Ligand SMILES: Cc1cc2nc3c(=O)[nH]c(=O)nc-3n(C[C@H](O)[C@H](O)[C@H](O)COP(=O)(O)OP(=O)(O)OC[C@H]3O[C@@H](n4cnc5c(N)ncnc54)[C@H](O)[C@@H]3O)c2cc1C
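Next up is one chain by itself, shown in structure tokens, the form predicted on its own.
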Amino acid sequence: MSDATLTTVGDGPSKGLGQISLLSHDERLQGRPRLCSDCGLCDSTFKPAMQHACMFVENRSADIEQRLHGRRRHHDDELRFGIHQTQFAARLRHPNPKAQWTGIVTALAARLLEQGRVDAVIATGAAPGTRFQALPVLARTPAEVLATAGNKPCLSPNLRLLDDVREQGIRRLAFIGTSCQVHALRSIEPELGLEQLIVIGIPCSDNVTYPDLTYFLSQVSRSPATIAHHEFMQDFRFWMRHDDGHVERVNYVDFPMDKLHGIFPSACLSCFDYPNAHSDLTVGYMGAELGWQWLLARTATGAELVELLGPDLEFGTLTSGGDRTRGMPRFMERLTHPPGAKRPPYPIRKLVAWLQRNKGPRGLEFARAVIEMKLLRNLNHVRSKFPQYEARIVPDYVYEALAPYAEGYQTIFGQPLASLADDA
């Protein structure tokens, strides 16, 4: 079935406007944690490791970072961005037209295979006949990697391919994936028996099931069937590039939220690793200016990956502007409103969009703002829907990063921002 067909199916999210998708009563997910992002670990022979690997059973970020870096996060941007050695604004000098951005991720993975540094790459392709339905791929050639270029913001069980890795005798593996996948992968890394594991992380927030993605696009685009690429951008707009090359832009504030409530999986709303902090190299966009990508080299391996593509990269300047803290009180207040509230009148939306673009945070300050809002929203979600899980799945850095807003949080929500452990 093609994307064009699926965008016309259904009149609401796959589980209804009032019910967040992917909870334990889904028959296919029986035996998994109630919060599940379908990372694929439970589809493999490593399923018994789920109890100590799944971030929705117990978040082990502190243990993983101690093993990777030998320390905790510093009390600066690392609370938001994760531990990193260096960060860059960069883009390929010769972009891949099929890629979401310029194609850094797939170009890098292809280079690893070309130079014989790895035997295979786990990546996310598109299911036949679709553009955005995620399909895990075990690529053995550069061409197979390059064929996966392009954004597929759907849940993808990439870790189910670990059985194929073992069966095919693969000893050196590169993995491209999201934060929940990487958390599980790092947790079982000692059990994999690999000579080398290279992790390229994709910043991830609010992935959805494929039917819910097609529904979302049908609600925000005038021509959902012709969308070739799409992304939430730094100018507070959702950009959609169509087959004919034109770009359709929709202000965030113009989203019909009364029609979209329920499309995001509860696991994604309970995740606290937007920047994919346990990778060797994170490749995203939100800390860079429009047209550039944001790279965070976290380990020595990550720094080597940047050098590997160095001659093919153009480097820009990371900038920062605006004040993210000004908008946080209003954001916290909005979280108290019923989900799916109708949009404000058009003149108000137009003013808000102008203020966001012209007065809002930019560059690294935009990244800080987005990450803090996601941390706060997801903490609020866990506390309202799964309070019994908070002590196990909310890492300490969340409370540390949000500490500047503690007084406002207490006023608006009527409870301390501090962790349950701090209150004990």
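One rule holds for the numbers: they count along the sequence shown, beginning at 1. Just so it is clear, the model here is predicted, and its values are computed rather than measured.
The discussion below concerns the form predicted together with the named molecule, not included here.
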{"item": "Heavy atom contact within 4.5 Å of the named molecule in the predicted bound form, the stretch among 164-172, 123-131, 326-334, 75-83", "value": "123-131"}
{"item": "Contact assignment for the named molecule in the predicted bound form, among 203, 302, 265, 224, heavy atom within 4.5 Å", "value": "203"}
{"item": "The single option of 198, 149, 297, 110 touching the named molecule in the predicted bound form, heavy atom within 4.5 Å", "value": "149"}
{"item": "Distance check, residue 106 to the named molecule in the predicted bound form, heavy atom within 4.5 Å", "value": "yes"}
{"item": "Contact flag, residue 99 vs the named molecule in the predicted bound form, heavy atom cut 4.5 Å", "value": "yes"}
{"item": "Any non-hydrogen atom of residue 289 within 4.5 angstroms of the named molecule in the predicted bound form", "value": "no"}
{"item": "Proximity of residue 154 to the named molecule in the predicted bound form, heavy atoms at 4.5 Å", "value": "yes"}
{"item": "Sequence-ordered residues of 299-326 touching the named molecule in the predicted bound form, heavy atom within 4.5 Å", "value": "none"}
